[in-house]
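Here we start with a single chain on its own, the form predicted on its own, put down as structure tokens.
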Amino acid sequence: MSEKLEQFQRYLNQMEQYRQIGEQMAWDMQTQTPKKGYGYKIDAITYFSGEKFKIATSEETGKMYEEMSAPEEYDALNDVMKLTVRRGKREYDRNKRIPADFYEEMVRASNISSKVWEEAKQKADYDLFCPHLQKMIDFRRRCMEYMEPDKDIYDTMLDMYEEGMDSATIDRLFSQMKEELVPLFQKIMEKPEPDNRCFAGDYDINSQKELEAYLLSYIGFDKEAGVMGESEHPFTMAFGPGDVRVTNHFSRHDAVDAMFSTIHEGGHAIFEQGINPDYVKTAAVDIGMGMHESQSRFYENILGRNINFWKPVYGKVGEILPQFQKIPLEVFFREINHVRPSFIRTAADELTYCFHIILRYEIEKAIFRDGVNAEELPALWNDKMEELLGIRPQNAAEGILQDMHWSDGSFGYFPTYLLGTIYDGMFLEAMEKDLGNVDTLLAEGRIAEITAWLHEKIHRHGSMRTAAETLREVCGQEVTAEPIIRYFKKKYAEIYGVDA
């Protein structure tokens, strides 16, 4: 091993330790820091983020990347380290253009904004959050201008969450989804709704947590390499393949929502646990969010909303939550595939969920392409919800305040949810060519074979391949919405008896 490579690996180790500190504090901030302790935690997060940023953008680090990029060093590296050098050099060049004091100010504002969002959501008070959201819009705009001064701001944001993705590709895919699925949705709305009054009740929170643990184990979550927590908005955080953490949010009056948050976050976590452990401290663990969301949504929707998923486990659901002993599986199946307009994205059925993401994508473009400001956003949000779903929020909590993503400046993230859904249609067709009918596998309780296929084809590779490369390798084609559209039309034509 050359002296320069040893120096580079010491740098990667140093960056990993700073990441661990930051992630630990972020986890604590979201799950258990008391309200009066927010200020202390924000100070600490800001400090360590700033120190890490200074090291990552130092002249010494820049020189190191130049040396590692030189042919005599680069050509001797393995593929994982080549990827790490390429991506690291790109991130260095981007981040070096960001003033350090601006970066620290942005980190601090982001953490303050996130906590104000929580309070604003609980109070349904958009006026409380509005100035913080405007700050995050301004910070992210300036940040992208520093990073890529010659590139479209919003395309830079999209590329940060899904490498190689741009708005032209998303426009094509999302336009096709709207064109094909809006008419399907409208036909379903003409059909009688299933009677879901039997789901009303009081569901013990501790029993819901027991069910969460059971479902996570069933789909393949390794509890020796992960833990569960609670937060206002469910999320997954990976410290490494051996320490992957999921959170959930529980309601005494709705057990189904927490079940599907469990399966969704479990999909994220299983991906992280399945990454080749040799990739730790390299860029190969930095997975694009479109591919990440494909896995969470594959488990949640393609598998979890299939009646056959529940056939081997529905009896256990009834043991843990006795109310479900009185609800036939077929009634449960109709409810978890109950297509209806709803205000809350995370509680939406898988079909109308697509419209929730398109709404957010169109608003993000309006912000960064058309200059729409934070004060104008609630009205724009409500108008688009009425246009796509035929409903209008009565308050900000069920409208623009429902998601945490914009509070920390994560603009460009939302489209990855629907990109992941589009990838899922492609993965399902490829999986069935290899394993046979997924309905049969699920009904026979052979979900481990599905998880093993996903591990082999997707998870273990981490981010050694871009999403486009993964789709070509696993599915043999470029990204297309056709498979997921076929899936939606076939499934919901059968459930609702409509002509798709």
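Heads up, when I say rigid core I mean the largest set of C-alphas that superpose within 1.5 Å between the two forms. So that there is no doubt, residue numbering starts at 1 and follows the sequence shown. Keep in mind the model is a prediction, meaning the values are calculated, not measured.
The form predicted in complex with another copy of the chain exists for this protein as well; it is not shown, and the discussion that follows is about that form.
Enquirer: Can you say which of 215-223, 372-380, 296-304, 262-270 gets within 4.5 Å of another copy of the chain in the predicted complex, counting heavy atoms only?
Expert: Of the options given, it is 215-223.
Enquirer: Taking W27, P34 and K281 as the candidate spot, are all three within 4.5 angstroms of another copy of the chain in the predicted complex by heavy atoms?
Expert: Checked in the predicted complex: all three residues contact another copy of the chain.
Enquirer: With the partner left out of view, is I21 within 4.5 angstroms of another copy of the chain in the predicted complex by any non-hydrogen atom?
Expert: Contact with another copy of the chain, yes.
Enquirer: Check whether Q17 has any heavy atom within 4.5 Å of a heavy atom of another copy of the chain in the predicted complex, and answer yes or no.
Expert: Heavy-atom contact with another copy of the chain at 4.5 Å: present for Q17.
Enquirer: Wondering, does R472 line up within 4.5 Å of another copy of the chain in the predicted complex on heavy atoms?
Expert: No, R472 is distant from the partner.
Enquirer: Closest heavy atom of D43 to another copy of the chain in the predicted complex, within 4.5 Å or not?
Expert: The answer is yes: D43 has a heavy atom within 4.5 Å of another copy of the chain.
Enquirer: Though another copy of the chain is not shown, can you say which of Y74, F239, Y146, Y92 has a heavy atom within 4.5 Å of it in the predicted complex?
Expert: Contact check passes for F239.
Enquirer: Which pick from A168, A200, V227, A100 sits with a heavy atom within 4.5 Å of another copy of the chain in the predicted complex?
Expert: When another copy of the chain is considered in the predicted complex, the option within 4.5 Å is V227.
Enquirer: Which residues, if any, of 198-221 lie within 4.5 Å of another copy of the chain in the predicted complex when only heavy atoms count?
Expert: Only N206 sits within 4.5 Å of the partner.
Enquirer: Superposed on the rigid core, does the Cα of G436 end up 2 angstroms or more away between this form and the one not shown?
Expert: No: G436 shifts by under 2 Å between this form and the one not shown.
Enquirer: After superposing the rigid core, is the C-alpha displacement of K63 2 Å or more between this form and the one not shown?
Expert: Shift at K63: below 2 Å after core fit.
Enquirer: C-alpha of G445: shift of 2 angstroms or more between this form and the one not shown, rigid core aligned?
Expert: No; G445 is a residue whose C-alpha shifts by less than 2 Å between this form and the one not shown when the cores are overlaid.
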